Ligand SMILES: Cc1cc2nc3c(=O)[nH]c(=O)nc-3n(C[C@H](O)[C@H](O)[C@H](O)COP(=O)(O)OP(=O)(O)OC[C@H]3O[C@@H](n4cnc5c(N)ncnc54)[C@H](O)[C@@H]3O)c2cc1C
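First, one chain by itself in structure tokens, the form predicted on its own.
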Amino acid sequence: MKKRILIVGAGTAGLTVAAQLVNKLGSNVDITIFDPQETHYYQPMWTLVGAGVFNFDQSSKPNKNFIPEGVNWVKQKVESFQPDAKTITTQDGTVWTYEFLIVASGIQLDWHKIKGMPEALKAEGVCSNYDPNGGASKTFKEVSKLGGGRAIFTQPALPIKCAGAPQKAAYMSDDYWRRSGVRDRIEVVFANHGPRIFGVEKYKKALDQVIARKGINPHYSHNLIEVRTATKEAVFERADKEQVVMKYDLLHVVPPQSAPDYIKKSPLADAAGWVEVDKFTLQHKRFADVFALGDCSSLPTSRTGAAVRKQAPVLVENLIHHINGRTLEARYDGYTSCPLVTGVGSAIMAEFDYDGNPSETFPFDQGKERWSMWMVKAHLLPSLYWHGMLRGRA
């Protein structure tokens, strides 16, 4: 009898795990994946779309191209989980039973937590590479027409997907304005909810130098709480709860983010709303037949595609061991990676583990800006993603 595995989410994490399970188990399992999205986006490209390096259309392909052969695709959102009964319910009211469940639902963009959003995204001067509705294209439109004034780039409280992307938007815009000869007429502000530019000390030191060299004005412990498009004002709340109002000519907004609401209200959630899993095995702490990975999980590491690339084989190996009644032996050490592009032709490749220790791939200091790391980010990683990772081969 085939084992029935349900996978919630056909994003990066869900498709990667599905492909690896099919590659390892073939027709010995009955896999169904749930997601209504017809289009799959390579979201790490959006930073470069926002800088005019790529077009938005280059970041997408049909989702059907990556559903593994033999996997059933249900184009429905999941409404609720009933892990005691080993069932899930989709939005059309259908109840699905499972023997094993993998939750890979991604992360939720909470635009509503900023007063005046998401309406502000339609206004002149406001943009976001995080907006899935072609927002990165609007970013480049706003960046390319700005000839002077103040440009503000925001970063909310972590966790967010690709925690380096907010500052990358500032660096790439700065690079464009320098090449266009208008940078000396633009004040660039990076307003970060956090107390520093980056959590890992090695890369923080390098990025502090990047900010100083580029003349970017960092405002730490500044959280965007309101956008007033009529007066082009951004309202921030500092750590001491004092509000700061800044005028803007360009405002790049990164929204607060959280686990999807249907996970928050489910028995699978921890106190913070994430799917509660063991950080090493990726097995749920209370429901042994449930596993999770990626942005929706409680794993205390940065939400990146590189993290998923390391999580997926651990989850698959441990799930197979669990199916066969064996001890879970595979371990995920928290590895994640963030290619911090600092301009066209330069990038810092940050790689680190749960403890903030650098876990670098290449035989040189990755804390320095390099052309080679730009080539990896801009050209190698997209190919690896489409042709390797989503096929279960990388």
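In this text the structure is predicted, and so the values were computed from the model without any measurement. So that there is no doubt, residue numbering starts at 1 and follows the sequence shown.
Not on display, but discussed next: the form predicted in complex with the ligand.
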As a check of understanding, the residue in Met172, Val126, Val227, Ala165 with any heavy atom within 4.5 Å of the ligand in the model of the complex should be identified as Ala165
The listed residue (Gly70, Pro62, Pro358, Pro36) that reaches within 4.5 Å of the ligand in the model of the complex by any heavy atom is Pro36
Among 242-250, 116-124, 306-314, 210-218, the stretch whose residues bring a heavy atom within 4.5 Å of the ligand in the model of the complex is 306-314
### Message
Considering non-hydrogen atoms and a 4.5 Å limit, does the ligand approach Lys77 in the model of the complex?
### Response
yes
> If you check in the model of the complex, is Gly106 within 4.5 Å of the ligand, heavy atoms only?
Replying inline: yes
Query raised in the report: Counting only non-hydrogen atoms and a 4.5 angstroms cut-off, does Tyr130 reach the ligand in the model of the complex?
Result: yes
So in the model of the complex, does any heavy atom of Tyr332 sit within 4.5 Å of the ligand?
-> no
Contacts from 358-391 to the ligand in the model of the complex (any heavy atom within 4.5 Å), listed N to C, are Lys377
